[in-house]
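Consider the single chain below, provided in structure tokens and representing the form predicted alone.
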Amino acid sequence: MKIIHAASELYPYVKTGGLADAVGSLASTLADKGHEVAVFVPAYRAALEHKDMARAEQRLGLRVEMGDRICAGDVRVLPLKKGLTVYFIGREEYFDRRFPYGNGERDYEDNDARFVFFCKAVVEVMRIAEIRADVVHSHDWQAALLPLLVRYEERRSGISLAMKTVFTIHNIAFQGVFPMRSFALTNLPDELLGIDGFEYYGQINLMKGGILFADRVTTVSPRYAQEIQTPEFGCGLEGVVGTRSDDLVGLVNGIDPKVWNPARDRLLPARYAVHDLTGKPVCRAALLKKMGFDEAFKGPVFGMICRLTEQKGLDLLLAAKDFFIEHDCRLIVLGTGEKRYETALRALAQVHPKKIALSLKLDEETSHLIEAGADFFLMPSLFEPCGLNQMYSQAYGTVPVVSRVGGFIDTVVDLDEHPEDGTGIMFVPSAGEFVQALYRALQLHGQPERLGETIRRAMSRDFSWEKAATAYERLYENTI
């Protein structure tokens, strides 16, 4: 099949979360399975500075209609390997910025124009380069206009661009809601502004358009597909999602074993595998030393890597601070995010430097070291569409402690409920339940034989993208 992906992030060129990993790994795996795959992504500053860009060719100049003006852009084409090509959509005004979506304090005010331009540019490249696809697969609100724009261009130009379109909701909490006037940038007919179109409480909602106008809608776990049809998790779009329930499917993401595999991970000081765990204590000692702790410390080490936001359960973590202070354990947190959480965690680490370590940055090497060196990995999310770190953790023999929501339910087996099959510790997301889960981890750490069995079961599970990509292949074939 000829498959086009469009997304606002792509590992390793730009990454703020799991979207980049998911799109990059899915596209790469589909190419390895013999499909012809193209990925479109904005040409952010970070992408243009990546070493791979030395091999990219600037092939096309673009002129994109944006309301009542024409915006110029360009395309850099990067052949990555057989069957996989990346198209970087460029326009300095929109994408030559340090961060993809905002400055850390608030979103960029022109995000509407930036991603309308991106979607329109994808269609324009398909048109002028005569790229025809079996499936156009767009991801999250930043690419949500694409399914409709493809059909609109086909009708306007009398050509065929794609047989079918697929739209994936990676996180329904982020929807691309903008003032009504932003719709003029799309140059789409006004009749699409009604309640059966983009209108959303007097504004426009780009994700709503993706849900309504794609041929198929997917999300990143079966549980999350159910959750987003309820008021608790649907973030105001549960009714819209419900109208597409017959076309909605939840497919769990995978992990890339070429990147996340402790047996071949060159970012680690020692490698290890399920049949030989001798390298894991080496990684543990290296992690403790790097974070300023005694590398011979014997108690449990808790790791956490995430965007520091309310969704990720930072309030639950802070509410549990007395646990980490009072018990003989270590807490290591890596990530950036909302200033209030950065400030609170920084203060906590400064007052308790022998217990808590904080690194406020995005650091791939340290991420791998935490996954390998920690004993337990904390994910107290209030909601979680899929999650990747709980899968990384199981692959690395680090027991995940996760809330009972979304993709966690589909990928972690609770030890208390299933003693013979358990791979992690699960809890209902609340401050009290989280502390109880931490006590369960403490107890497990004091039972070396049970802990070892849990680690071996977790490391034996198959979370590969080979398995996940096969599910997408079936979806594409059934859709066509």
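For every residue, the number given is its place in the sequence shown, counted from 1. Here the structure is a predicted model, which means the values were calculated and not measured.
The discussion below concerns the form predicted together with adenosine-5'-diphosphate, not included here.
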**Request:** Please name which of the stretches 150-158, 106-114, 315-323, 387-395 has residues with heavy atoms lying within 4.5 Å of adenosine-5'-diphosphate in the model of the complex.
**Result:** 387-395
**Asked** Which one of T85, S367, Q229, N261 is close to adenosine-5'-diphosphate in the model of the complex, taking close to mean a heavy atom within 4.5 Å?
**Response** S367
**Asked** Can you pick the one in A349, V301, V75, L334 that has a heavy atom within 4.5 Å of adenosine-5'-diphosphate in the model of the complex?
**Response** L334
**Asked** Quick one: does P12 come within 4.5 Å of adenosine-5'-diphosphate in the model of the complex, counting heavy atoms only?
**Response** no
**Asked** Does adenosine-5'-diphosphate get within 4.5 angstroms of any non-hydrogen atom of Q311 in the model of the complex?
**Response** yes
**Prompt:** Does at least one non-hydrogen atom of V252 fall within 4.5 angstroms of adenosine-5'-diphosphate in the model of the complex?
**Reply:** no
**Prompt:** R181 near adenosine-5'-diphosphate in the model of the complex, any heavy atom under 4.5 Å?
**Reply:** no
**Message:** Heavy atom within 4.5 Å of adenosine-5'-diphosphate in the model of the complex: which residues of 273-305 meet that condition, in order?
**Reply:** I305
